[in-house]
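Have a look below at one chain only, the form predicted on its own, in structure tokens format.
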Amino acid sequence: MSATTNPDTHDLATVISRRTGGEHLVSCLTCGQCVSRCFLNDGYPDMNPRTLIRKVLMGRGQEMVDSEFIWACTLCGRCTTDCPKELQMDVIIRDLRGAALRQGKAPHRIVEGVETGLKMGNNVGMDSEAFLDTVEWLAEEAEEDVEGLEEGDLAVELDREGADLLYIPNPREYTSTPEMFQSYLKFFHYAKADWTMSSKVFDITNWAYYLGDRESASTMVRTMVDEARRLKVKTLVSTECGHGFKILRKDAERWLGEPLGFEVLGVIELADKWLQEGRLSVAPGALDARVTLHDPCNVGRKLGIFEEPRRVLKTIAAEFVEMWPNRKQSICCGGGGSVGQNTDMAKKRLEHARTKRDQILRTGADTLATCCQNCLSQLGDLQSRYEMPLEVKSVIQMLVEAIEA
């Protein structure tokens, strides 16, 4: 069906312009600023953000719905960070993906992940009983491995009403990277936190957001919000998960059309706060490492959380060195926006990230830290693919190591 006859794509410009972030679409100046900031230029020499916008405005939206480019885009937002017309490319891309989804052209793995998430409450299909068993044995294993920890120190009291904090993890933590989950258990223990987890809601991710499926994405948000209210907690704490955190912090109230009634914090914000308050005992420079930081696009550019992870790393590491560019202008790791979950992009996502690789290597760091699970996975794959001579770690993981040092 051509772009002129398909009712789902012939007037995408109108659809997008009605979204928050897309209302200035028709005001695009074609100035080219977005082109110079996109790290996908080498991988797609015939396509860029400006070209995408022009095609949509010209009624050729179906070409973009059929394009691989909309799935290679990481929704990082760097291209339109300082757009003179305040366009938001991630909004535009998600609308194009939504059209592709309705035409049955979205990546199967992500579609299946959303279906599983809506059915089971998490994208890996784990039921509550299996989750409870996993949490228990991971806590017991961590207690055995760390000198000074006694039996029961890391046990989690699940579904406890009235706790200060409700922590919601990323499924990677209790499946592929259990050592990360154990780091969070230790973090809360060392801070003597008043916290709990839910046996029903234990997935902070929202793959429907990636697909431009607002209805399903809002359903997933509603599930987390309702659980936080049921448990009567003061604060919902997101793990180091960029998009999950960003959605709850920035989008949830607008999507649901109501105030949440509780605070949303990222675990990295808690770490910084508790360090400054003296709740965590760490010797300055406890880790003999030259550390650099990758700013996750959602945590940094979209939420403005730049200084918190830097303060933590500057406290615990012997040396901290900045990448350039950094903060708001940080270059995406290349795995965000569902690219890391899309098996069709498995090889290309590492090729597209060579600019990031070069940026990292120029620092001379021996440890690369970040505060997003998706970034950790992508950067770990990048390190392995190009044999970069450094370690890739979570900021919280490093903080726990410093405490135990």
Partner chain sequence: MDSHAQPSVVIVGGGIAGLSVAKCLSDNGLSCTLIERENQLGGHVRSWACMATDRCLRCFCCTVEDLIDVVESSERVSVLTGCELESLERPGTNSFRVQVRNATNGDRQPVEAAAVVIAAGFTPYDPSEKVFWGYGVHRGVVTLQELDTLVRRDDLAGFVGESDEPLKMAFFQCVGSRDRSIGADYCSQYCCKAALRMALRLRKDKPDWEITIFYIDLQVAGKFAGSLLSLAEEKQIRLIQGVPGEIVPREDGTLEILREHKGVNVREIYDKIVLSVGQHPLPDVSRLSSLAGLETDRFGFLTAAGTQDPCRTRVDRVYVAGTVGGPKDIEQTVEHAGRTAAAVLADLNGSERTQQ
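No experiment lies behind these values; they were computed from the predicted model shown. Numbering follows the first chain given and starts at 1.
Separately, the form predicted together with its partner chain exists; it is not shown, and the next lines address it.
Of the residues Gly304, Pro84, Gly152, Gly278, just one reaches its partner chain in the model of the complex with a heavy atom at 4.5 Å or closer; this is Pro84.
Judged against its partner chain in the model of the complex with a 4.5 angstroms heavy atom cut-off, the residues Thr134, Glu141 and Ser176 are out of contact without exception. In plain terms, the part of the chain that comes close to its partner chain in the model of the complex, with a heavy atom within 4.5 Å, is 30-38 out of 339-347, 30-38, 366-374, 57-65. Residue contact check for His352: none of its heavy atoms lie within 4.5 Å of its partner chain in the model of the complex. Using a 4.5 Å cutoff between non-hydrogen atoms, Asp42 counts as a contact of its partner chain in the model of the complex.
Contact between Gln329 and its partner chain in the model of the complex is found at the 4.5 Å heavy atom cutoff. Its partner chain is not shown here, and in the model of the complex it never comes within 4.5 Å of any heavy atom of Lys356. Shown without its partner, the chain has Trp324, Pro325, Gln329 in segment 321-337 as residues with a non-hydrogen atom within 4.5 angstroms of its partner chain in the model of the complex.
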